[in-house]
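The chain below stands alone and is given in structure tokens; this is the form predicted alone.
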Amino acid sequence: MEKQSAFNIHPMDQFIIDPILTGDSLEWYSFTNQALWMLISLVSISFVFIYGSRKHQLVPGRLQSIAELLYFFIRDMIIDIAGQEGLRYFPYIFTLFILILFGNVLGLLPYSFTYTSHIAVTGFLALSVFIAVTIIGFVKNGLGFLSLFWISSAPLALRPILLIIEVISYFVRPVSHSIRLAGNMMAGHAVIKVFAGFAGALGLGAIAPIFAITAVYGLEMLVVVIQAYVFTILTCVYLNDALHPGH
């Protein structure tokens, strides 16, 4: 039997979806590691926002402070980008942010599963945003929503060209919106896995990989928060386009 090398590292194996209760067979009804960590994320969110804020203390504790900080952070973001009218959609945007943030952060735990690294998840979230803002745009403005694609301030000769560019860029939004999040989550976790594999292979001589893991892990802790923020702020920008297409 051929001996496997200690450097036989498979950084992408951590993103494989495996069934938990149905053996090795992955069926549409299977409870998977992805579903498990989504459930853990839901329980964690409920703990922070329900249990942590149940007393409504004037001087908040740690969990209540976290809940209030996240609440007002997203609220202020919506007001700054989409105006007071955008607050009508605060529950939806806040839910998106919290779901992505907790999925990203929990994905940094050992032996966890980062469900936001899968296009199936981020693509669904991005597509739901795309469909929602498009419906809102037509409901609020009627056919006036199409003024979003017609750049009236540009020279008349350039407007048809800009129209094509704007239409293409609009329909590419859910693609870029989803790939940006999934790609960053996958890349960062894969790099950590590679350095961890080097550290395990080198044994006592793994000083350099360990320092690299520490540095990349620290950077990834920042990235997981930034990516949740970027996804949410883009959602607010798209919402603003739907509410105020002529601006």
Partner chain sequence: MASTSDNSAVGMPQLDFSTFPNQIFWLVVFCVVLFAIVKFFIIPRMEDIFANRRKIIDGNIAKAEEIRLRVNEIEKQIEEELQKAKSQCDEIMSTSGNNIKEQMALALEDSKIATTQLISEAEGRLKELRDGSEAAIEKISEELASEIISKISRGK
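Nothing here was measured: the structure is a model prediction, and the numbers come from that model. Residue numbers count along the first chain shown, from 1.
Missing here is the form predicted in complex with the partner chain; even so, the following discussion is about that form.
Put simply, residue 197 is far from the partner chain in the model of the complex: not one heavy atom of it is within 4.5 Å.
Using a 4.5 angstroms threshold between heavy atoms, residue 118 counts as touching the partner chain in the model of the complex.
In the model of the complex, no heavy atom of residue 221 sits within 4.5 Å of the partner chain.
Under a 4.5 angstroms non-hydrogen atom cutoff, the partner chain in the model of the complex has residue 75 among its neighbouring residues.
A heavy atom within 4.5 Å of the partner chain in the model of the complex is found for exactly one of 90, 138, 170, 150: 90. The stretch from 97 to 105, 129 to 137, 156 to 164, 142 to 150 that comes within 4.5 Å of the partner chain in the model of the complex, counting heavy atoms only, is 97 to 105. Using a 4.5 Å cut-off on any heavy atom, the residues of 38 to 53 that reach the partner chain in the model of the complex are, in sequence order, 38, 41, 42, 45, 46, 49, 50, 53.
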